[in-house]
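Below sits a lone chain in structure tokens, taken as the form predicted on its own.
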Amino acid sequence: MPYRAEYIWIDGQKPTSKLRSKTRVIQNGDDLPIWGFDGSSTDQAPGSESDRVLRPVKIVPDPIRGGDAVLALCEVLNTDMTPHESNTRVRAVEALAKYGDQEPWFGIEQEYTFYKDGRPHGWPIGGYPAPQGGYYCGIGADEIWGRDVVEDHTTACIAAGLAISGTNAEVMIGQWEFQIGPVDTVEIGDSVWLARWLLYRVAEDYDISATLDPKPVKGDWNGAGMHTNFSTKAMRESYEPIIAACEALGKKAEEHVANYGAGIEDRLTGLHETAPWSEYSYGVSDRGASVRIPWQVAVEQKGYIEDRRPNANGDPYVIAALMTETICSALA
């Protein structure tokens, strides 16, 4: 019996890419074929040479449609089957191939903000809510908006087989977070992009949108980040490689910040649990540092680090590739 496959890809918009998708009906038993699309409508081709190619790279059950339906995350190729310039997955694949023997693991904390009727979900018309303080991991209708979407999204991610590991309400009202991992350099990007797609799709049913804007509300309100936890086998076994990893990130701080998401200067101000974007620091249990070493790691003398600089709108393939290359080359 025929079934539907949702082909999902990342477009070429700059400075921040968007997700796109379209549906193909597949005859039962057939493998998912490559498929074309109009790249001139996604900033991935000129109109005079508009065809681009979708190649499925990760296929999971579709928890929205159910049955035999699937979600097919695709990479974008040119018509000669070479990677398109917007295909950032390629770099993550290369990084893992080169440094996979060090067993790099990632855990990403994806923050996002719900919007409804043109304003953050839960904000009063023409005014402001109570100041931040009770919203983080809050409970109750006076603190929390959007939990129904979050619950359905989490259920969908589990049903799709994604490595979702938790959720929580964040510091700003209407802001939430989900966590993915621990998984490797390529899988973290695959799973975060699919989880983002599911978030947008589930929120559609509630007439709510989810934004990855790193500073959705100016002023004394927290921004939205994508804190990235990282370890290698050596880091999970001893403390010295953890310090070496922090030092390695510092030597390439400018390159990393430049690739951690558009608008990073608006979020990394030195306020609201951030370090200034122009400075690099690391410390134990310090959420005002660029990179935090969790207190348990310092006590146990092994574990992982948390890079707190990536924006919510960052590309997880780019971030994972950069961190793998920078840290693993230093630890080699």
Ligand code: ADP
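From a predicted model like this one, the values you see are computed outputs, not experimental measurements. We number the residues from 1 along the sequence you see.
Quick note: we don't show the form predicted together with adenosine-5'-diphosphate, though the next part is all about it.
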Have a look at 105, 145, 115, 197 for me and say which one sits with a heavy atom within 4.5 Å of adenosine-5'-diphosphate in the model of the complex. 105
Identify, from the list 252, 236, 98, 119, the residue with a heavy atom within 4.5 Å of adenosine-5'-diphosphate in the model of the complex. 236
Quick one: which of 299-307, 46-54, 66-74, 261-269 gets within 4.5 Å of adenosine-5'-diphosphate in the model of the complex, going by heavy atoms? 299-307
Are any of the heavy atoms in residue 177 no more than 4.5 Å from a heavy atom of adenosine-5'-diphosphate in the model of the complex? yes
With a 4.5 Å heavy atom cut-off, would you call residue 229 a contact of adenosine-5'-diphosphate in the model of the complex? yes
Using a 4.5 Å heavy atom cut-off, state whether residue 79 contacts adenosine-5'-diphosphate in the model of the complex. no
Test of understanding: in the model of the complex, would residue 241 fall inside 4.5 Å of adenosine-5'-diphosphate by heavy atoms? no
Check for me: heavy atom within 4.5 Å of adenosine-5'-diphosphate in the model of the complex, for each of 225, 256 and 325, yes or no. no
Which residues, if any, of 140-173 lie within 4.5 Å of adenosine-5'-diphosphate in the model of the complex when only heavy atoms count? 165
